[in-house]
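The chain that follows stands alone, in the form predicted on its own, written as structure tokens.
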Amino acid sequence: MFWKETIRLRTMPVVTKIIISLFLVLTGFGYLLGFTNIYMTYNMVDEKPGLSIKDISLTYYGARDKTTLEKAIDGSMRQYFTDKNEQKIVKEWILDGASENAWDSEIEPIIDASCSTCHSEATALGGVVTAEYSDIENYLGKNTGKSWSRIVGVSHTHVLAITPLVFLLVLLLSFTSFPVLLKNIVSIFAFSAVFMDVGFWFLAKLSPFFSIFVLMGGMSLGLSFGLLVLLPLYDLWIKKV
């Protein structure tokens, strides 16, 4: 009876196999783009090339001896300054006390040119506005890293986007011809990696000690994506019966 037959990816029509393969390849490519975006955004938070534990610590826990604005222009926002000299001028203004007079005469044009595209009153990307001195004052306090509301917001989006994708990939894996034990281990590991990846963000906000676990969570999610993409592709086109 047909309902007792075991469906396998390798037995599907060629067109279906090609469509599934394209889905897997695009999913893997999308993950690589996401990782590249994370790397480009956070790899200079500590002012040194390469994504490190310190970058993660500064992002979530903060640098309590710096203002939030200083942390931003030293890290993810430094790439938006037209040249290093302008970034240096803004940083020196912060260190000199961030006076309103200097803002009006020198700093505001730099901020407008470098930040207004994303942080105008109309755009307010990430809830951040840099249009007036009164807006900037909100970011001249102690840098405590990402706010709780920001972490919750990003976590919400991340979980809702990643979980359905992991589910679909796990579903495809279940139709491969690999041993059940292997499929179970990879599937459980993948869903656990989502919990680890997001959960350690909250812990890293409480203590820089957990920064290394954020890195481990991200690596676990990356490994699980790699397995969920490559194993079905291998089963579709390479694995022998």
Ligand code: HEC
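Predicted, not measured: the structure shown is a model, and the values here were computed from it. Residues carry their position along the shown sequence, with the first being 1.
One more form of this protein exists, namely the form predicted together with heme C (HEC); it is left out here, but the text below deals with it.
Undergrad: Would 189, 200 and 224 all count as contacting heme C (HEC) in the model of the complex, using a 4.5 Å heavy atom cut-off?
TA: Judged in the model of the complex, none of 189, 200 and 224 sits within 4.5 Å of heme C (HEC).
Undergrad: Does heme C (HEC) come within 4.5 Å of any heavy atom of residue 126 in the model of the complex?
TA: Contact check for residue 126: yes, within 4.5 Å of heme C (HEC) in the model of the complex.
Undergrad: Although the partner isn't part of this model, could you tell me whether residue 159 comes within 4.5 Å of heme C (HEC) in the model of the complex, counting any heavy atom of the residue?
TA: Heavy-atom contact with heme C (HEC) at 4.5 Å: absent for residue 159.
Undergrad: State yes or no: in the model of the complex, is some non-hydrogen atom of residue 69 no more than 4.5 angstroms from a non-hydrogen atom of heme C (HEC)?
TA: Residue 69: contacts heme C (HEC) in the model of the complex.
Undergrad: Can any non-hydrogen atom of residue 107 be found within 4.5 angstroms of heme C (HEC) in the model of the complex?
TA: Because no heavy atom of residue 107 falls inside 4.5 Å of heme C (HEC) in the model of the complex, the answer is no.
Undergrad: May I ask you to choose, among 168, 154, 118, 95, the residue with a heavy atom within 4.5 Å of heme C (HEC) in the model of the complex?
TA: Contact with heme C (HEC) in the model of the complex is made by 118 alone.
Undergrad: Who in 226 to 240 is close to heme C (HEC) in the model of the complex, meaning a heavy atom within 4.5 Å?
TA: Not one residue comes within 4.5 Å of the partner.
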